[in-house]
Ligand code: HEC
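Next up is one chain by itself, shown in structure tokens, the form predicted alone.
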Amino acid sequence: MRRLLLGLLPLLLGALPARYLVQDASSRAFGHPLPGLSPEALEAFRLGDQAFNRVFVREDGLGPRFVHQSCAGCHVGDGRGRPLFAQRSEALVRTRAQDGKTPHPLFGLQLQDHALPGYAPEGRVELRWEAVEGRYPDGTPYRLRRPRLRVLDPEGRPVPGAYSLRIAPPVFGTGLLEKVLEAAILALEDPQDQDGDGISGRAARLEGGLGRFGWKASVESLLVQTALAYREDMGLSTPLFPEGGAEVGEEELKRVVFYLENLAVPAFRHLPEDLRGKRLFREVGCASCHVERLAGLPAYTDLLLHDLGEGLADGVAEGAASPSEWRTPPLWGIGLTRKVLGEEVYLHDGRARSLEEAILWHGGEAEEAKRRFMALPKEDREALLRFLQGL
């Protein structure tokens, strides 16, 4: 399988830009255009950035029920959001009936927890955190947190259903991932674990192609992803989902997509001594899913779905993914999360407050890699985490 990928590499690299890394480790690290864009393309990027940050109001067609008023409101600094439900939520809740598959009878596929004056939100979110404590084999204690979520109706009564807390994922580098040919992703599949390594990733096969965006790879393109965000997060119609009109026109929709397609990736910031951490990353098995180079891109993902066990299962089926399956998230830029966001939150629901916590939540196909990580001496665990912080 990997021989096939190597044979395809010249073809797979053809559509990718030669330069896509930028040297910036500041709070603006995720918002740069690809190097080498023409003046015309830079102007289009600027207009797309403007559209991405546009705050919609009632007169623009917002709502009447929604999650946020802008794209940038959830994707903070073009990065991830936080599990916050305040004046404007940076997170959202996917909703299903109690079977976890069919749309919720009251909320559909997603809760709209804000509303324009004169309207009531569909409901509100009550979120608390439950402590989960444990110890490494060497006796070092750790403390994790697990979200406990309730959805209440406008009168404050709990509403039965299957609910999944989600934070917004980063958007930088998504245009590069969209250009990866399907053959490169399919070459990494091993759904029956024929090589016996315990990893059985599979591609998310959707009607429109392979899913590669969203926490469960439920969307196949940035165009569809953007139009869905307008509809589900802001209650705005587009030419893709007109619903009797198009409150966001084709030109604005294309501007945002162009912006996403041309966001660069921050360059890695490793010191020579971090190579030890990279070696450990490979040895414990992290690179089995977080593939170091996908079609030549150092994104640390295979864009496949993997079963991560009951600890991360959310009870919600989405796209081609079961409740316990998640797309391997890219790791490039992950070490700049605190710099951009002001804090660290990882995994689909933001439960992990550090990269260490994120690793400790892995189960299912990643259980053995987690076990190997936990068995490392403390200084080796720290070396691996320093390597991740340099991505």
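Numbers for residues come from their place in the sequence shown, where the first is 1. Please read all numbers here as calculations on a predicted model, not as lab measurements.
One more form of this protein exists, namely the form predicted together with ligand HEC; it is left out here, but the text below deals with it.
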Going by a heavy atom distance of 4.5 Å, is residue 90 a contact of ligand HEC in the predicted complex? yes
Even though the partner isn't displayed, in the predicted complex is residue 27 close enough to ligand HEC, meaning a heavy atom within 4.5 Å? no
Is residue 329 close enough to touch ligand HEC in the predicted complex, meaning at least one heavy atom pair within 4.5 Å? yes
Residue-level contact is defined here as any heavy atom of the residue lying within 4.5 Å of ligand HEC in the predicted complex; does residue 281 satisfy this criterion? yes
Sole residue of 169, 239, 147, 315 within 4.5 Å of ligand HEC in the predicted complex, by heavy atom: 169
Tell me, out of 34, 334, 62, 340, which residue has a non-hydrogen atom within 4.5 angstroms of ligand HEC in the predicted complex. 334
Only one of 150-158, 99-107, 82-90, 184-192 gets a heavy atom within 4.5 Å of ligand HEC in the predicted complex; which is it? 82-90
Heavy atom within 4.5 Å of ligand HEC in the predicted complex - qualifying residues of 259-291: 260, 281, 284, 285, 286, 289, 290
